[in-house]
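Next up: just one chain, as structure tokens, the form predicted alone.
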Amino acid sequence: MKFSRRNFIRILGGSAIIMAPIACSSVSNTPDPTAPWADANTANNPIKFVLSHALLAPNPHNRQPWMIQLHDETAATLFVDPSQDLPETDPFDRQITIGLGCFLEVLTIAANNQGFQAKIDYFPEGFNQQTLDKRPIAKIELLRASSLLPDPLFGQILHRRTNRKPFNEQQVPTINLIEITKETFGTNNGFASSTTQIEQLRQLTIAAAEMEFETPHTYMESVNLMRIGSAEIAKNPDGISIDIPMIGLLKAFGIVSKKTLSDQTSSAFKQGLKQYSDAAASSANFIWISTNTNTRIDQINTGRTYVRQNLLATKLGISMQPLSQALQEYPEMQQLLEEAHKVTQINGQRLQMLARIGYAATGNASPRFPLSAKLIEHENNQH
């Protein structure tokens, strides 16, 4: 048989189960990038406990843009790490702010579980609507509240996943969609109500993915954040993790690399786009969040709403994945952004989140930096 990359990939695919131990043996002594999920319940004081859970929140491109200054065992200040922004696809830091809202809501849920009310003062020194800056995102104070009932969503924090796998054909019951989209912090929530609207959103999200993939400056932002293989993921537990079977050999033969992934003629590029498009095409339904205005507070509240929806879906055995490409604010995406507003029928509002929802096997926990790496007084606080 003539050697080719296509044949080599086919051979590897058939041999993955046999050869899998080889791929991971060389990184057995590296840190576990998913350890923060197991360590969250072991924090030794109230503020570290709630922060250890908050850092597990969903966030764009897994940038984990939070930095925390501890004051005492019940108080802290949240800042954004400007090195973790997404200037090409998120030029106004809208999505980064939504991720910070997710962080604050998971923190609030964890505080509630420990008998504390989380008092959060948003942007105490003001904010810049064009870009986040060095001013604090929020001041956090935990207040003892003995009569507080535990939030029922706390038990889902460690099980929540962003599921990028294709969904099966099972439809999400309307009663579940209604229940999930009731979760709100003053946002407007909805879901696709007809097969026509679902198909329109499938095609829209596929077109938006193609636009981002085929626009060099936006796609390269993702490529530069790709962590290929276990060793690279352990070293940099953020960004986009690629840890498929036989990744070590695929890297060694130059089949999967940042260079091949950035080459639109390569099989790696085409396969990546196909996988994303196939996942979007399998969407059973879509839910969305919109706001009447588009302030930083609206964006924070969107994040708080979204993570509660995600946690409730987890409780119901339902998978979710944000498909945010069509909502991005760079010039090439403008037409699809307008179309997204038309398809979701949210006249005069700002569409903040769009997510597919359905059923699939549970995915793995995403990598996270430990809390120690996100504390401002820590000497290695910049990532």
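The first residue of the shown sequence is 1; numbering continues from there. Keep in mind the model is a prediction, meaning the values are calculated, not measured.
There is also a form predicted in complex with a small molecule; it is not shown, and the following applies to it.
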> Any chance 37, 161 and 324 all have a heavy atom within 4.5 Å of the small molecule in the predicted complex?
Replying inline: yes
> Of 92, 276, 123, 269, which residue is found within 4.5 angstroms of the small molecule in the predicted complex when only non-hydrogen atoms are counted?
Replying inline: 276
>> Quick check on this chain: which one of 47, 340, 353, 67 has a heavy atom within 4.5 Å of the small molecule in the predicted complex?
In response: 353
> For the chain seen here without its partner, which of 134-142, 96-104, 175-183, 221-229 has a heavy atom within 4.5 Å of the small molecule in the predicted complex?
Replying inline: 96-104
>> Under a 4.5 Å heavy atom criterion, is residue 318 part of the interface with the small molecule in the predicted complex?
In response: no
>> When the contact criterion is heavy atoms within 4.5 Å, does residue 368 count as touching the small molecule in the predicted complex?
In response: yes
> Counting only non-hydrogen atoms and a 4.5 angstroms cut-off, does residue 33 reach the small molecule in the predicted complex?
Replying inline: no
>> Does any part of residue 357 reach within 4.5 Å of the small molecule in the predicted complex? Heavy atoms only, please.
In response: no
